[in-house]
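Shown below, as structure tokens, is a lone chain in the form predicted alone; questions about how it binds or moves come after it.
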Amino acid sequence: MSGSNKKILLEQVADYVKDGDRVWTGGWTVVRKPMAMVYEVIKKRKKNLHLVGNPGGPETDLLIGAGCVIKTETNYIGHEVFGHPYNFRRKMEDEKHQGELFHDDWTVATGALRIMAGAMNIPFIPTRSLKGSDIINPSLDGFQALRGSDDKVPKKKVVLMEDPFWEGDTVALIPALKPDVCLIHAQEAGDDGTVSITGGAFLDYYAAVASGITIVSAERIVPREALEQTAESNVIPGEVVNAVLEVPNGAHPTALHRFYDNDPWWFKEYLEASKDEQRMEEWLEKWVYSMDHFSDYLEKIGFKRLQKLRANPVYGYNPDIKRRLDKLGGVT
């Protein structure tokens, strides 16, 4: 998008995501995930997506459950303390779904190295960390059937080679990650695309630089000049961001530092639904397909519940939120 003002509407996000795209979702498991944008991608019924976040959380399992995904490669998919990714597990464990989802395992460290290599615009990067690991066992290569025939999949997972500069060492060369689209949610963004993140920025800077298209939703869109007062938290330059949009509560049900915490009631309902395909479809109809606008979704969640999730301004999170779903009561 040309010009200094890169603001778009939430309803336009899915236009940037094409069927078959390699998509990076920012944040970390149940923290700062771009959930509002993910709902839009699902509503537009995108297909054959290749998810490469590091790691994946509820957005990954949700996209899988909605039938949007054909490939995943990451170090982890799940909801941490809240529970298992049942849509992902069903696709991988149930024989009747064989061939519907291909998954390739990496590690936290090598996933980080791969997206860093993408940001540096180099084709691969060396590492010692995979030596002795089953990650490089050819019999456990989840993308083996796709290598050489799928242009989104490297021809080889790793290449072991002798260090050409110093004797006596072997390193693993691993391929760079270059996502087609990167979706990030942040606390603030300037109208020029500059992104301000407090708390963990994780790998979002590298993903934004490495990706062909980067879209950032934020709790607040402000003039670029307003971010100069908090320059230390400006972690992504506007030059690598294609579009920004203002979406309050856009990471719900995941946590956003200084704004709100995880929504355990969402996770409890979602996890129960995701255990069964029919119930998952009913959940999608209730919470995604029937919602004309994200404001309808927030209204359905309810003001009382959203207020209950508000972060303590001192801690940056809500110390009163219960994390054990078996001990969870109602919203009081």
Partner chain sequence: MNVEEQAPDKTGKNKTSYSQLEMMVIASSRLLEDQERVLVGTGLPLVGAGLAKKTHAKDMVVIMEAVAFDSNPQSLPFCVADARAVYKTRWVPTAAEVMGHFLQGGRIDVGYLGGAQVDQYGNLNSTCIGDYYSPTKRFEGSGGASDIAALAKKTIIIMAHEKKRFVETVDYITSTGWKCRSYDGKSLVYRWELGLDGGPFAVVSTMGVMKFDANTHKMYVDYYYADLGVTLGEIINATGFDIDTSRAKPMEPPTLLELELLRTKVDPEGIYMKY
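Residue numbers count along the first chain shown, from 1. No experiment lies behind these values; they were computed from the predicted model shown.
Another form, the form predicted together with its partner chain, is not on view; read the next lines as being about it.
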Q. Do G118 and its partner chain share at least one heavy atom pair within 4.5 Å in the model of the complex?
A. no
Q. Using heavy atoms and a 4.5 Å limit, would one call N137 a contact residue for its partner chain in the model of the complex?
A. yes
Q.
Given that its partner chain is not shown alongside this chain, does K178 nevertheless sit within 4.5 Å of it in the model of the complex, heavy atom to heavy atom?
A. no
Q.
Using a 4.5 angstroms cut-off on non-hydrogen atoms, would F202 count as touching its partner chain in the model of the complex?
A. yes
**Q.** The unique member of D163, E93, E225, E100 whose heavy atoms fall within 4.5 Å of its partner chain in the model of the complex
**A.** E93
Q. Just one of D105, D150, D191, E219 has a heavy atom within 4.5 angstroms of its partner chain in the model of the complex, so which one?
A. D105
Q) Out of 178-186, 211-219, 193-201, 237-245, where are the residues with a heavy atom within 4.5 Å of its partner chain in the model of the complex? A) 193-201
(Q) Each of K18, L49 and W266 having a non-hydrogen atom within 4.5 Å of its partner chain in the model of the complex: is that the case here? (A) no
Q.
Need the contact residues for 24-57: heavy atom within 4.5 Å of its partner chain in the model of the complex, sequence order, or none if there are none.
A. W28, T29, V30, V31
